[in-house]
Each structure stands twice: as structure tokens, then as C-alpha cells.
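The chain below stands alone and is given as C-alpha cells, in the form predicted alone.
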Amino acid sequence: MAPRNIKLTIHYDGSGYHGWQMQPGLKTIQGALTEAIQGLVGGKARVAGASRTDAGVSALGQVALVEIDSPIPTENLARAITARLPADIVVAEAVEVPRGFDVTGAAKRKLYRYTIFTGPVRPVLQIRHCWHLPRKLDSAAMAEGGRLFVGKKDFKSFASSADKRENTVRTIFRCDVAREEDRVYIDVEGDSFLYNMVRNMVGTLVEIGVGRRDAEKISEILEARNRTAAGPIAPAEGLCLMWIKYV
């Protein structure tokens, strides 16, 4: 049987992991998946992810690619891999894709959601998946600032200093801010993202929400092309990769 290229859709609670990318001696999502798949097929496996989520970041729509040489039918792979994974990681779908499929480069759009809980009492059952910020946030002003991110722009001011990529231009299709009682959700959809870009955008929007900056300052921050011009980075726990689209 010829090896098959399998695209996996993965959900995970990232709070107990050192991010997606495999690192020697550290617990990572890629490492757990690789171990599970190698145990299943009885040989080496290379798992390539579409997005390198940071330590503490979760996902409901991470995508990975793996080549599998096994008689297990494709329709049974998601369940078979999941059976070997920790309870906080699940393979939701496994589908065969053509040889040469580029799991990173072929992605057209990604959506990240950031959750802020503004109530006075720490939400202990959700604390690993939100930023507890017990303050009043002006979500309308934050939404106004979010709209200024939309378009094809240079996001160097919102990239971590550790991101050494020369091309810092990205396209943001939407940056929506919505409130539901004590929760504020920030949805950022783009073609791709720089390292820590969404968390730096959220930190800046929160400064607008508490009145430290005016919404229109977003344009000036973008033009500055300097990380020090933007607000502080938001905690990783509030961020979730919701989906990745290829068409």
C-alpha cells in the first residue's frame, strides 16, 4: 500500500503545553501527536502544522499534515490517533490530500478568537481559556480601533522582536469586538500572522478599552513600524485558533 498524505484537523487545550512546536524535553502538541501516530503505525512520522501556536494557546481548528504508511482506512484514522492522545488533544477529522499539498503555504485564511472576562470574580472553570481583567472596557471604542487594522498593512509594530521575517505586511479581513455580558470577544481573521501579532493587537485594543489610548492611534502605531509604539502583549491563555481555510 502506497503512503498517503493525511490532513488532520486538531482541537487542543494548550494550557498544559509549551506550544505547538516540538522542543527537546518539553511537552508540546506536535510532540504528543508525533508520538501517538508513531505508536499507531509502528514507524517514524513527521507531523507538520499549519500554525505554530504559542505556549498556553488553544485551538479548535489547527491543521496538520502527516504521511502515513498503514493499512488503517483513512476514515478510521481520526479515531485511532485520538485513542492514543492525552484527553486534552483530539483529532476531529482526517482526510487524504494530494502529494505536494502545502499545509502552511496553501492556507488562505485563519481566524483567531481572544476572550476577555471582565467580571469581578475569577472564572475558575474557564480561567485557562480567558484573560481575567476585572475592569470596565469600552468595547465600542475597541471595535472602532479594530476596524483600523482591516486591510493589507505593515504589522511590524505588532510583531514580536523575535520575529525576524523581512516581510511584515499582512492582510486582515476583519477585527471584530463583541461583548456578551462579562465577556469581550475579539475575532481577528487574516491571511497569515506574525509572531505574537494577535496578542499584541489585543493588548493595544485593551489600552483603548480602558481609556489609555484613542482608537484613531492605531493608524499611527501601524505607521511607526516599531514594537515599542504598540501596547503590551495580552496573555496567551485567552487566545484560540478557531479555524484555517484552504479555499
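The model shown is predicted, which means the values in this text are computed figures rather than measured ones. Heads up: residue numbers just count along the shown sequence, starting at 1.
One more form of this protein, predicted in complex with a further copy of the same chain, exists but is not displayed; see below.
A.B. asks: Is there a heavy atom of Ala87 lying 4.5 Å or less from a heavy atom of a further copy of the same chain in the predicted complex?
C.D. replies: Ala87 belongs to the contact set for a further copy of the same chain.
A.B. asks: Find out whether any non-hydrogen atom of Thr171 is located within 4.5 angstroms of a further copy of the same chain in the predicted complex, and reply yes or no.
C.D. replies: No, Thr171 sits far enough from a further copy of the same chain in the predicted complex that none of its heavy atoms falls within 4.5 Å.
A.B. asks: Please run the contact check for Arg122 against a further copy of the same chain in the predicted complex: heavy atoms, 4.5 angstroms, yes or no?
C.D. replies: Arg122: yes, in contact with a further copy of the same chain in the predicted complex.
A.B. asks: Just checking whether Ile127 would be counted as a contact of a further copy of the same chain in the predicted complex - the rule being heavy atoms within 4.5 angstroms.
C.D. replies: The answer is yes: Ile127 has a heavy atom within 4.5 Å of a further copy of the same chain.
A.B. asks: Mind telling me which stretch in 106-114, 90-98, 137-145, 163-171 gets its heavy atoms within 4.5 Å of a further copy of the same chain in the predicted complex?
C.D. replies: Careful reading of the contacts points to 90-98.
A.B. asks: Only one of Leu65, Ala215, Leu194, Leu60 gets a heavy atom within 4.5 Å of a further copy of the same chain in the predicted complex. Which one?
C.D. replies: Contact check passes for Leu60.
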